[in-house]
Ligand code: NAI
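First, one chain by itself: the form predicted alone, in structure tokens.
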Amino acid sequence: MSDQATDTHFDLIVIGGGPGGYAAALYGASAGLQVALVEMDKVGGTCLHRGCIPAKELLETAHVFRTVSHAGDFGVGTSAPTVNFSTTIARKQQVVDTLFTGLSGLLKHRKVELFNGIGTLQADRSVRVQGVDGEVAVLNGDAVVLASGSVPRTIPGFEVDGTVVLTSDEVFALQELPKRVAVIGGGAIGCEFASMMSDLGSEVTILEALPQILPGVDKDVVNVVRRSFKGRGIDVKVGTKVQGHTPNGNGTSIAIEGQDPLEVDAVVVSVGRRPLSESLGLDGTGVVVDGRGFVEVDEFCRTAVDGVWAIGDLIATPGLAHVGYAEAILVVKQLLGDEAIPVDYANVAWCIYCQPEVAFAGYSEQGAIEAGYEVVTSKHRWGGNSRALIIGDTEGVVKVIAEKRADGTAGRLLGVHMAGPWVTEQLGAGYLAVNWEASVDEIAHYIQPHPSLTETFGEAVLSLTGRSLNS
């Protein structure tokens, strides 16, 4: 069938319905723009269907399991808990489906026109859509946002088969957990999978090529996670180079340089994600793609082609859903003529949902020193926090990094790094303080509710003023 142009001219065409893409569509539509959204699968993207949301649902199952396991500590009698993983997966799908239905309804309510198919960029900000039904349409617009997202990276010698070798996509389809599992990659996603699987009964080994897990995270926070993992039986091997695997009928044997083979039932490859740029048809368009597959943009997410932007996992910025949201708003504000402030990527919020949780914003201590700052730090444990004692979770640390003034006192907050109970829900105050370039004295002035987990952050800041309550 020949290409057929639509009758409608759009103010904005978005290719990709993940967090960045649907955020651009919704934000633009809320401002009165006529918006077309092209998605080859389901709106919500990896984050909703194969990433953030299902991962956190499984981690919440692990949290419930730990809570029930320790119910006796609170005088609540229970039998030993068991896990029906197929029920967990069914609940995960129910959560995903509920959010998908809500998002689909919101897009419809905002009158975003959805095209289900593969979108490729054409000349003059037009987009060709190869529909899943075989139909072809050409959309014309004043602006185009490329937001096609990413897919899991793989490594040589570990071809994904969905049975023995898995990526995050396949883990979320499992009906039961493997008894012995190796997680290749000790970054945020790898540590989340390792934590969840271990808590629910798997024997887990993390194989990380770098000298530490959670690269880029402050060393004191990393040490907390490593101690917790070790105490729960997770074997963490860093500086480890894998050399392939040999299936043996019941699982596989992983070859490790300089070490004995590791026998496991399954391998989860968690070595990051790569941009999905090859489906956009960018050759010859003027949009520049680097050697890693990322679309090159400036600080305003503008590509080399006038009127074409790129956001989210498609560009070399932190691969976080909330960063995609921020980039989407940045782009739409430019279309509307509003003041547009580039995203400060150095100070975005990072959250890792393993046990113990990790959350941080701004410089780590080592990062601040390498950037040329003289620093002072404050570290507080959860053992003195009444709320942490009440809920029975005192594992972890809150660390605050501040710039050292000429007189030796603490000045501007440079970073806030946390490990411990519900820190992903507590980071907001630290994130705002770092991004507002607030001083220690300014933040210490604010009152923390008692009893609450946030008191530990307040105490860590207060102690940097030279006086404190509980330390």
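Bear in mind the structure is a predicted one, so any value in this text is a computation, not a measurement. All residue numbers refer to positions in the sequence shown, first residue = 1.
Just so you know, the form predicted in complex with the ligand exists too; it's not on screen, but the next bit is about it.
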How about S198 - does it come within 4.5 Å of the ligand in the predicted complex, if we only consider non-hydrogen atoms?
no
Would you please decide whether A255 lies within 4.5 angstroms of the ligand in the predicted complex, comparing each non-hydrogen atom pair?
no
My question is simply whether N385 lines the interface with the ligand in the predicted complex - judged by any non-hydrogen atom within 4.5 Å.
no
In the predicted complex, does G362 come within 4.5 Å of the ligand, counting heavy atoms only?
no
So which of G187, P178, G281, G251 gets a non-hydrogen atom within 4.5 Å of the ligand in the predicted complex?
G187
Which pick from A346, A209, A304, V83 sits with a heavy atom within 4.5 Å of the ligand in the predicted complex?
A209
Which of 93 to 101, 108 to 116, 256 to 264, 347 to 355 lines the interface with the ligand in the predicted complex (heavy atom within 4.5 Å):
347 to 355
Pull the contact list for 269 to 301: residues with a heavy atom within 4.5 Å of the ligand in the predicted complex, in sequence order.
S270, V271, G272, R273
